[in-house]
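Only one chain is shown below, in structure tokens, and it's the form predicted alone.
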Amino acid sequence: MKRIGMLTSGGDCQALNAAMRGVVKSITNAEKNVEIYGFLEGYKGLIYGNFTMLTGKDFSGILTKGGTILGSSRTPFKTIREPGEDGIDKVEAMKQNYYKLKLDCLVILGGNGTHKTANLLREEGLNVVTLPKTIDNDLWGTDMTFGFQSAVDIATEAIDRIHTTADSHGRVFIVEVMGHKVGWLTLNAGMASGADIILIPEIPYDIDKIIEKIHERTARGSKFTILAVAEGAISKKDAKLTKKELKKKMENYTYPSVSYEIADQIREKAGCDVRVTVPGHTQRGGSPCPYDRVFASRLGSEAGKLILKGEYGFMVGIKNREIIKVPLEEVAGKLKSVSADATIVKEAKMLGISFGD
């Protein structure tokens, strides 16, 4: 008898269900006596022992379903060792529920914070296998995370649709794409949709360079300019501030986000008619694209194989189009950022795209 615990933690994204389905199908096709314990709302379910027993039927028909059938929540890693408001020791509670249910392993699907906690549980002696989900594609050790390509498709379509109205009215349009710390999503969606300016957290921008690009396009006869701006885009001026100084500035910040600040600066300096569009959580919602369905299924299948072989303490990822296993300790706490010298950035600049630098 194999007893498998499973949870999805952090922000949801497309293909979580497809990945879980891959894990369960690969195991149940090889083993007849399997019990699946689905912990509800992420680590919160593991902490408080909230779970539901699942069978193969629960994973039927969910390949194309967005979100997560187990629900999710955020349990910040930085407070994982601190007692909750109810005084509970979160780490000890997770361990006790694991042992109480006599689990053979935990399958954990999540992003950066989730992997830090997963690695902590590994260090505490639990058998853990993880799968890399996040629309940000910022997990170390894997070329791709599932959910990313679906989000790129959605953000690209949003910018595509802006082109016609921007052209019709001769406006500057800013489309704000998700991504607080890294710019993979904005970079890919911006390139795919033909954005003229792409602003990402890793490459601080100069507003005068942005104005310069707008004027350059106007001089060439272009009536409009489209900016793909990451949530975490930062100016060169702000990038020079200390964390304390930046935090103080943000406490008095009057704009909904950086896109609105950039819009005001463009209006003031260039005299343009500017609009801001924020697709927001639509980028994380809906059915996964075909790529993510296949990719998540492959990851899930490989995770199932590791479990059947009793190989724990790994994240399943992809390198050079091949599915691989990566030791959790190599993944936890590391961020995969866009380098300013990355080949894709250089290629984008050769296409005439400005990064405001």
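Note that the structure is a prediction, hence the values are computed from the model and not measured. Residue numbers here begin at 1 and follow the sequence given.
FYI, the form predicted in complex with 6-O-phosphono-beta-D-fructofuranose isn't displayed, but the following is about it.
Checking M178, A166, A263, L106 for any heavy atom within 4.5 Å of 6-O-phosphono-beta-D-fructofuranose in the model of the complex turns up a single hit: M178. Of the candidates R122, R217, K90, R284, R284 is the one whose heavy atoms come within 4.5 Å of 6-O-phosphono-beta-D-fructofuranose in the model of the complex; the others do not. Highlighted residues D196, A230 and K346: none comes within 4.5 Å of 6-O-phosphono-beta-D-fructofuranose in the model of the complex, counting any heavy atom. With 6-O-phosphono-beta-D-fructofuranose left out of view, the stretch that reaches within 4.5 Å of it through heavy atoms in the model of the complex is, among 233-241, 207-215, 178-186, 123-131, 178-186. 6-O-phosphono-beta-D-fructofuranose is not shown here, but in the model of the complex it comes within 4.5 Å of a heavy atom of I135. In the model of the complex, 6-O-phosphono-beta-D-fructofuranose stays beyond 4.5 Å of every heavy atom belonging to R275. Contact annotation: R74 falls within 4.5 Å of 6-O-phosphono-beta-D-fructofuranose in the model of the complex, judged by heavy atom distances.
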